[in-house]
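What follows is a single chain, given as structure tokens, in the form predicted alone.
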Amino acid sequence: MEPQYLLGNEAIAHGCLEAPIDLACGYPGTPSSEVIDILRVCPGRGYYVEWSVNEKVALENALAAAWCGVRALCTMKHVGLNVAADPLMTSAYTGVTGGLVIMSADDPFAHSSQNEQDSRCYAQFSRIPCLDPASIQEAHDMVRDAFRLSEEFALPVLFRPTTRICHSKGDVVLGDAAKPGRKGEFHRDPRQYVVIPAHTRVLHKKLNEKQPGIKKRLVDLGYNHYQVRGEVAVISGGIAAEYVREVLPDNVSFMKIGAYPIDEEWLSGFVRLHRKVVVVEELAPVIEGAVREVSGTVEVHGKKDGHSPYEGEFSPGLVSGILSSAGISPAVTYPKVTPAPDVPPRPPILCAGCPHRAVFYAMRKIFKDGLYPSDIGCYTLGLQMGAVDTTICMGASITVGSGMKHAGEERDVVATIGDSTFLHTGIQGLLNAVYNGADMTVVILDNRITAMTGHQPNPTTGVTATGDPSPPVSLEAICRACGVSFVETVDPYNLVSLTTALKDAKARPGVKVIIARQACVISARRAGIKRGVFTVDQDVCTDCGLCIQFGCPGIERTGQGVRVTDLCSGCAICTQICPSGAIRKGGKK
């Protein structure tokens, strides 16, 4: 088959079709989201696919399917693996019958993440195999092969591409997609699937007994390999291994690690052929730790002696610098890149017409001295409006807010959380806050979609991942079922009703919930909703600057005064803010 120029996640999705998979589920998270997005729209698919409400739910779904003997894929980003860690750790004990591949996409440099954690550590912790692709072609091949490996050892396999693999493009040789045809059937075996202590102790021993065989098999598969070319060696893995290939001189040996756990005897045999070894890997020193354990008197350099950083995304230039630092002259060096002078900073901001902006504006007006714990989503950009004081992980805004109040904080607390995030892990926080008597306001920013990761549907959207209609959940009913007595739903484009609801909430004790419901401005545009555009009457404008302070990119100041740009989506919030009534409907895009 002729190579095709594909996005990494497209190649990964096709590898899953070649396996083939029988079930796919996941929770959206950059850089992993496109895999399920591609699989859910494949014509003639013969497998089940869903967006789950969180990663734990997704993994338990996939695990059960694999227990029934089918091949299951579960996708998430690296921080999602924290949410799924509970079933992950025990799934290594229960094992699987069909193939189970857990794709946990890491994000070095935290391009769109709250941390830079390394999923290889989870594989090491849970004692399951981990495949770590260095190129798009390898990502395609590895995810396809991972299902066979999973079935061979009756264990889940962690598949760990990074942002640079998922979101780069390259030529990929594909195979033919296979037709899924397995029918799942669960066979009762309490000793395998009921992890009471008596069973767990036996299962743990069995898991440990599998490890030597896994290590040998991974070497046989060829994802770990080396070339001996001199008395100095470089060992690398993941995308960093590709950068090493670009800059490595001909007289330096090279080992590439693509699969874990590493066979110590095989590794030791290579390391001890050399006088000095330099380890190059992104994030955690997983390879370096293994090398140091077997190195004996061989000189080892890497993160632990300061030649390589623990954080950030690598590049060929950075890898070249690591080799130089460790005493190896790279075959290629790169000039230092400096930003062009006088380029203004452009921090990310909410879209023009985003309904969240109006909520943050109103919150700051009503709760002037308030504290604003927030959550993971587009609305984290409320930081630019001074309306986000904390963000740590999915679902934490309400729990952080209740913690502040129980700590004795006397200022008002207003927590913000999106609809998808509320369903992901926010409900438990609300339930806990109400039951334990917290005093705070919760604003659910309900735009009916999981916007930040690419507009995937969630249970408020009214359609499933495959586009089938499904009754949307009632956030109001959920909040009342959690014990909240004050639940108000408002349109954030109506500043009067929004501020009235916030004032009412402020005046009441206990946990109050305001649901600010308005479709994501991008979703609305795609749905063909047109609200018109607005213009500034320069004869009326007093140039007070309040509309500029609102921060909408649809309004700008020029040498001739304030004007509405062609980014305007017609939300009309600026007309409600302008004290002189200078902004009115009209003008052209």
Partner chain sequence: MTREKSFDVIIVGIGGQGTILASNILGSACLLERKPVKGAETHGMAQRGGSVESHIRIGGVFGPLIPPGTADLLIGFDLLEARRYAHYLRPEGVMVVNRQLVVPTSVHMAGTPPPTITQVEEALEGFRLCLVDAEALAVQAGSPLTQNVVMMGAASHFLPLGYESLRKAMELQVPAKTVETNIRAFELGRDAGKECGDRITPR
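Since we're looking at a predicted model, the values are computed, not measured. Positions refer to the first chain, counted from 1.
Keep in mind that the form predicted in complex with its partner chain is not shown, yet the notes after this line are about it.
Its partner chain in the predicted bound form is not approached by S126, whose heavy atoms all lie more than 4.5 angstroms from it. For R229, a non-hydrogen atom is located within 4.5 Å of its partner chain in the predicted bound form, even though that partner is not displayed. At a distance threshold of 4.5 angstroms between non-hydrogen atoms, D537 is out of contact with its partner chain in the predicted bound form. Taking non-hydrogen atoms only, E409 never approaches its partner chain to within 4.5 angstroms in the predicted bound form.
Screening Y122, Y93, Y361, Y243 for any heavy atom within 4.5 Å of its partner chain in the predicted bound form leaves a single hit, Y243. This chain is displayed alone, yet in the predicted bound form one of P472, G184, P316, P261 has a heavy atom within 4.5 Å of its partner chain; that residue is P316. When contacts are defined as a non-hydrogen atom within 4.5 Å, none of A84, L218 and P459 contacts its partner chain in the predicted bound form. Only one listed stretch (401 to 409, 140 to 148, 344 to 352, 438 to 446) carries heavy atoms within 4.5 Å of its partner chain in the predicted bound form, and that stretch is 344 to 352.
Contacts between stretch 425 to 455 and its partner chain, counted in the predicted bound form as any heavy atom lying within 4.5 Å, involve A451, M452, H455, listed in sequence order.
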